[in-house]
Each structure stands twice: as C-alpha cells, then as structure tokens.
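Okay, here we've got a single chain as structure tokens, the form predicted alone, with questions on binding and movement later.
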C-alpha cells in the first residue's frame, strides 16, 4: 500500500491525479474502522492532514464556505448560529474524540446513508454545493446531485472535496436522530428540517432510511402550500394538528428503508413521521416567537 502525504493543496491534487484510486484520509473515523476490519483495503492512502486550508472556514456574503476537514467540534463551537441544523447534527456524532477528528468532508466522501451531516445539508436548501477540485479544474456539485448510490457519490476519481458551500440560516433549523442508545451510535434513522422565511420555502433531509440521503419533496411542497394559503409566514400563527400530521405522513412516505440489525423498515417509517412532526413543531414555535417579538 502506498502512503502519500502532500504538504500543499496543489501537491494533493497532483497525487490524486497520479493515484486516482488513492483513498483520502483526514480524520479517519470511518476509513480506519473499515481498514481494520478489512472491509476496504485501498491501493494507496492520501493523507490530507498537512493541508491547512481544508481546516478553515469563511463567510462569503450569506454563504459559509466550510473546509472539508473542519472537525465537528469546531462546527459546534464556531458555527452554531450560522449553521444551526448542521451544528445540532454534529452534536450527535460519536464521542468527543470522534467529533474532534470527523468532518463533513469525510461524511460526504463516504456517502453513507447513515451519515449524520447529510440530512442537515439537504435541509439547508438547494443552494448547498460541494466544491470538487482536480488538476483539471473546479466544479460545484449541487447537494441533491451528490449522492448517487449506497456509499457512492458523484466525485470523479481524480477529484477531492475542498469546501462545502452552505447558506447562512435565515430561520430556525432542527435535527433529530434515533439510535439504539443515546451516544456513540449509528443512526437507525435521522431527519433534518429547516424553515427558510426569506423565500418562503422549507427544507427536509432523510437519513438512514433509503439507499441515499434524500429529501421529502412532496412533504416540502405540501407544507409550503399550507403556509402560503394560510398566511402563516406573515402571522406566525398556529399550524394546526392536521398540517403537522399530514407533513409527518408525507415524510414517512418519502422513505424507502430496509430491515437490518439496527431496526426494521416499519420502525424507521414510524420514527420518521414522529421526528418530522416534532422538528416542524420546534422550528415553528421558534419562528412564531420571532414574529411576535418583531411585532
């Protein structure tokens, strides 16, 4: 096995071009587990830990450009206001040691449907992009086009993730996760939700209940229509039980889970409906308070 340890970003891109099957590693929280259990034995390892720009973030206008290797612990400490949904998801990742090493870039590279960052990224809106770079150039991949199969993404063999572009939250966001215990657990299923008052839209993200992370598109469209028809964006009034109930049913219908050692398909569908109702209620309560306080 080759071990590649570039000192600069340009060296990393050149190494990936020369060794396109090389497996990138930064935190290693997933990669090392798979290697230790002989699930994955790559021909080469590309160590990105000497690339400082991957551990940086910046705000450009109303977009956070999040370096691929910024650890979850820093997202919690430094970006809870700008990216509240992602920060809540980061809180549920592993242990403090794992949160100090793991990153959104690693979650995206692995593309596991159970990755905790995915529902929050989807819920953050359709203006989330993965910045993929190679010696051939740079492209921005819409988050909806990034996941292409079970643990498969749309990166080309010579591409590396540099940053993830995520809009700064303009409304309340939530994340909920079901596991077999309260910590150090892979999600049985997860759900991300966000209100986007500026453009009167909502965002959803389903995790660990389909071959890939996905949106509940019909649920989003239903809720957006209900909020517009009732003038609730302006009033912040009560949603009504029928709205939250129907929203949960549509989220449940959007999933296509399987039975496995962590839970049954029926249980995953049931819990998704519950999480959808709860996250919607939590976000709407926060939004209503904001409307009343501004009046």
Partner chain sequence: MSTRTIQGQKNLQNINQASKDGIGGSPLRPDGTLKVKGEFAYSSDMWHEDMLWGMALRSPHPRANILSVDISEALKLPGVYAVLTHQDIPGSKFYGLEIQDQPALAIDKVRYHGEAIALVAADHPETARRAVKKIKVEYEVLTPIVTEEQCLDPETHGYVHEPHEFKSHGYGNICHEQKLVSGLGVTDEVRALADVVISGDYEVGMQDQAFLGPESGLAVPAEDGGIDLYIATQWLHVDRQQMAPVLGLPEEKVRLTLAGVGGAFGGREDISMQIHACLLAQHTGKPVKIVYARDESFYGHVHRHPAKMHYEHGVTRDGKLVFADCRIVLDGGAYASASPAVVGNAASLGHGPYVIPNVKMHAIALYSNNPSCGAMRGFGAVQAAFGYESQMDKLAEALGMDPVEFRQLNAMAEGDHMPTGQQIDSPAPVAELLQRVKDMPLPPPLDLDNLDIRAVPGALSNTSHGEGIVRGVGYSVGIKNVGFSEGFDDYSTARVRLEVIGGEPVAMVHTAMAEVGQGGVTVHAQIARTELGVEQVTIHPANTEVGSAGSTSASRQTYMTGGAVKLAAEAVKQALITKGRRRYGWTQNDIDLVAGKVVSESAGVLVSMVDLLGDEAIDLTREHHHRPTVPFDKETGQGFGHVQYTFCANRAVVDVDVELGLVKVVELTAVQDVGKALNPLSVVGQIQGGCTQALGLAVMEEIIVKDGKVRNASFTDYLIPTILDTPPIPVEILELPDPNAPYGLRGVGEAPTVSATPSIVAAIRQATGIALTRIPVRPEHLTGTL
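A quick note: this is a predicted structure, and the numbers were derived from the prediction, not measured. Numbering follows the first chain given and starts at 1.
What comes next is about the form predicted in complex with the partner chain, which does not appear here.
Trainee: Might residue 118 be said to contact the partner chain in the model of the complex, defining contact as any heavy atom within 4.5 Å?
Mentor: It does not: once the partner chain is placed as it appears in the model of the complex, residue 118 has no heavy atom within 4.5 Å of it.
Trainee: Is residue 262 close enough to the partner chain in the model of the complex to count, meaning some heavy atom within 4.5 Å?
Mentor: Looking in the model of the complex, residue contacts with the partner chain include residue 262, since a heavy atom lies within 4.5 Å.
Trainee: Is there a heavy atom of residue 35 no more than 4.5 Å from a heavy atom of the partner chain in the model of the complex?
Mentor: The answer is yes: residue 35 has a heavy atom within 4.5 Å of the partner chain.
Trainee: Can you tell me if residue 97 lies within 4.5 angstroms of the partner chain in the model of the complex, counting non-hydrogen atoms only?
Mentor: No.
Trainee: Counting only non-hydrogen atoms, choose the one of 136-144, 103-111, 216-224, 171-179 that falls within 4.5 Å of the partner chain in the model of the complex.
Mentor: Result of the contact check: 171-179.
Trainee: Only one of 92, 212, 73, 82 has a non-hydrogen atom within 4.5 angstroms of the partner chain in the model of the complex; which is it?
Mentor: None of the others qualify; the residue that does is 92.
Trainee: What is the one choice in 242, 60, 266, 229 with a heavy atom within 4.5 Å of the partner chain in the model of the complex?
Mentor: When the partner chain is considered in the model of the complex, the option within 4.5 Å is 266.
Trainee: Suppose contact means any heavy atom within 4.5 Å; which members of 263-295 contact the partner chain in the model of the complex?
Mentor: Contacting residues: 263, 264, 266, 267, 270, 271, 274, 277, 278, 282.
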